[in-house]
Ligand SMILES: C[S@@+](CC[C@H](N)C(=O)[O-])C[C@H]1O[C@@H](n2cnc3c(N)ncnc32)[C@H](O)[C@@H]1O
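One chain follows as structure tokens, the form predicted on its own.
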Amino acid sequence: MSGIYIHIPFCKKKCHYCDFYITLNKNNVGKLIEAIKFELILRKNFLNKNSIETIYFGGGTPSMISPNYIGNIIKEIKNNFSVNSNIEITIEANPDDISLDNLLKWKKYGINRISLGVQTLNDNLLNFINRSHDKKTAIASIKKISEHYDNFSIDLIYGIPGNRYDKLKNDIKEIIKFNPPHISAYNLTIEKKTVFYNWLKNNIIKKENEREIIKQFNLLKNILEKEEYIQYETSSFCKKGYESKHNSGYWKRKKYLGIGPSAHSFDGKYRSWNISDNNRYISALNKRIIPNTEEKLSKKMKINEIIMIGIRTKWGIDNKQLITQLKYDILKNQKNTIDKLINDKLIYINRTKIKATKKGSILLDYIAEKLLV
């Protein structure tokens, strides 16, 4: 089983925390969609005829382009790949793009999961991070989606400078009234080439202190666990049976094909990524050239990926997988480090798997750093 990711790089405005490749210029939408469809044709053998289990439209803001474009891409995938009968097809959407017309057309074309970028329900914070919607629009959009889709996810961001514990608590309480099957909650990270990074360098803003971030993270966990959400990855909470199949594929290191400008692909041995430029991407595809860069993964890189990804999930770091695939026994080779982390109550061993404890769940980067080879 494999997945296909489609990158739609268009946005109405760029959020102050965003470092993804996006553009505000929609002049070449039609040409880009044709190039995406052609890349699908050129790369139809990339996944070795594996059955496609998931399709994910990300960006950018795929919800802002015509649903007909989305439908055309899905049709092209079905024409060139073997598609699972119970495939999960997700579209990322902004609240201001949620209309009855869009919801019904997406469903008609096969979309059966929506990932809604709410981030916060505080209007001052929405303005501060440069989102294109307000609280009223967000609430109305969640209500509309819940009336027409069984499977949807709400994105939240915590650790925003100025977003205190009580504000976050109010956000969560309001959102869970709609009983969303899935909630993704991300700690704000300030990346280079973002407005927030420039503001940070110029002392316009300050990073939220670590104690407050931990407090907010624990708040999220505690409220959502009481509401019977399962934390299956450090940022991902779901009701039973509603894990994101697509994202779970990344964490389990399944093969996936990334299509569109800046999209990444993985075939088990190589990682590759497309050029982050719409015009150059379109130009290359017009010449039947796939404009990507490729990197072969060394044994060490593969081991470290399994460690870094595994410790973030409920499945943990699987020593059996390491031994079978890479002939590396982490329990044996790193016994002293593992014993110390167990004594510090940061991890525990469940059969062949290393998992983070509740205490360790807020120190995942530290644990991974200690276990990397």
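So that there is no doubt, residue numbering starts at 1 and follows the sequence shown. Here the structure is a predicted model, which means the values were calculated and not measured.
We do not show the form predicted in complex with this ligand, though everything after this point is about it.
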Is it the case that Gly60, Glu92 and Gln119 all touch this ligand in the model of the complex, with a non-hydrogen atom of each within 4.5 angstroms? yes
Identify, from the list His182, His246, Arg113, Arg131, the residue with a heavy atom within 4.5 Å of this ligand in the model of the complex. Arg131
If you check Tyr197, Tyr186, Trp273, Tyr250 against this ligand in the model of the complex, which one has a heavy atom within 4.5 Å? Tyr186
Can you say which of 187-195, 163-171, 77-85, 265-273 gets within 4.5 Å of this ligand in the model of the complex, counting heavy atoms only? 187-195
With a 4.5 Å heavy atom cut-off, would you call Asp123 a contact of this ligand in the model of the complex? no
Taking 4.5 angstroms as the cut-off for heavy atoms, does Ile157 touch this ligand in the model of the complex? yes
